[in-house]
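The form predicted alone is given below as one chain in structure tokens.
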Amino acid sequence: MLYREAGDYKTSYEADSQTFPIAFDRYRYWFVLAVAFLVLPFLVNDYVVNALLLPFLIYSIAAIGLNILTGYTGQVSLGTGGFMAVGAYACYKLMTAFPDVNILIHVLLAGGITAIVGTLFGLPSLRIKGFYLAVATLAAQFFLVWLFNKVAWFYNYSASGQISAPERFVFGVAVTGPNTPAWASYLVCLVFVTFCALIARNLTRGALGRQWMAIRDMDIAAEIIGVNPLKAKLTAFAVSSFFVGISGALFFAVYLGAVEVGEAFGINKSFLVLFMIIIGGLGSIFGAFAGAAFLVTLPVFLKLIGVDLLGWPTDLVAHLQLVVVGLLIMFFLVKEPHGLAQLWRVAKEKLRLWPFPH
């Protein structure tokens, strides 16, 4: 009654292999998109946008990118924060060098530049994997942060070392700068999230996605059956870095407006995105959204309960957040390695059998 496939017949291979083959799923996702694009911009205020929606959308893009690399291809990366910094600084240099070009194009070009950098740092994956690859990407994280701190050209020789996004407009509406309305920032990020999610969904379900998963499951066997490990690993790094670069550009230009690389894109950022895909679910696009939503809303929820309702000190609530996240990571790694996405899949299966779930 709630979730049924009965009567939903397919008459072609294309219909059977589409992104959402079940009609109920298609209607549900179209409904969510309609609400997100046509309803929420008229209802949200500045606090909801800046505290919840913008971080959720931007981190979702970063989590999708890291999930492609770690969840689908099995290449562990701890350099997400550094690659977000590449996207942010590339966007800043493009915005200042080409002020007449649309900001949306700058964000996409920043993602492309990050893809090139990510591919270069992905070359060690052809020889090393596992813990050693994690250390190599961690070295990339520290190197990129050091580079953006030390080379003054990246921040246009500013005395403070900060980069600030100049005001830019899309269809006459400011989307960067101090005069940006909240709904405009939200819509820009929502457009990029939808774009990235559709690309990631189709890539992971296609031939390239199957090559990534073959490398993840057993790279030697994948090479024996004809998968080119050079192509598979480097394309995973490129696509992952493209998404992470877009998230870094949006994080700088649309969300914060001004950043300092050590504070905004340090190692904590890399771990935060990694925790998102662990809790949300490795190898799942939905898991990237679920993990981002959980870790963005958790601090707000704990502050609401602990500080506002119970009167606890703010530092106690901040430490409690770390404890909760640590316990959840241990729980999901031990009990449910596929995270919240697997719990959602189990719930859907039970709905399909309702009222006789097993």
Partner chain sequence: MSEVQTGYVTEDGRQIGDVMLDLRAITLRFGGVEAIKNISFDIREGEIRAIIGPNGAGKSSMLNVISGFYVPQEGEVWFHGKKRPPVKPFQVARQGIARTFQNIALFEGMSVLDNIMTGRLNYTKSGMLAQAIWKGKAEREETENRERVERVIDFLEIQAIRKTPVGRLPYGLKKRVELARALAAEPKLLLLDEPMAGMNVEEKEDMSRFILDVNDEFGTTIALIEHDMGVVMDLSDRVVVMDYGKKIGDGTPDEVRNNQDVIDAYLGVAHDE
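Residue numbers count along the first chain shown, from 1. All values reported here derive from a predicted model rather than from experimental measurement.
Just so it is clear, the following notes concern the form predicted in complex with its partner chain, a form of the same protein that is not shown.
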Residue within 4.5 Å of its partner chain in the predicted bound form by heavy atom, from Ala159, Val151, Ala207, Ala97, is Ala207
Of the residues Thr194, Asn268, Asn228, Asn102, which one places a heavy atom within 4.5 Å of its partner chain in the predicted bound form? Asn228
Answer range among 251-259, 104-112, 195-203, 163-171 for contact with its partner chain, defined in the predicted bound form as heavy atoms within 4.5 Å: 195-203
At 4.5 Å by heavy atoms, is each residue in Tyr13, Gln211 and Ile220 next to its partner chain in the predicted bound form? yes
Check whether Lys93 has any heavy atom within 4.5 Å of a heavy atom of its partner chain in the predicted bound form, and answer yes or no. no
How about Thr119 - does it come within 4.5 Å of its partner chain in the predicted bound form, if we only consider non-hydrogen atoms? no
Within a 4.5 Å heavy atom cut-off, is Val239 in contact with its partner chain in the predicted bound form? yes
Any of the heavy atoms of Lys129 lying within 4.5 Å of its partner chain in the predicted bound form? no
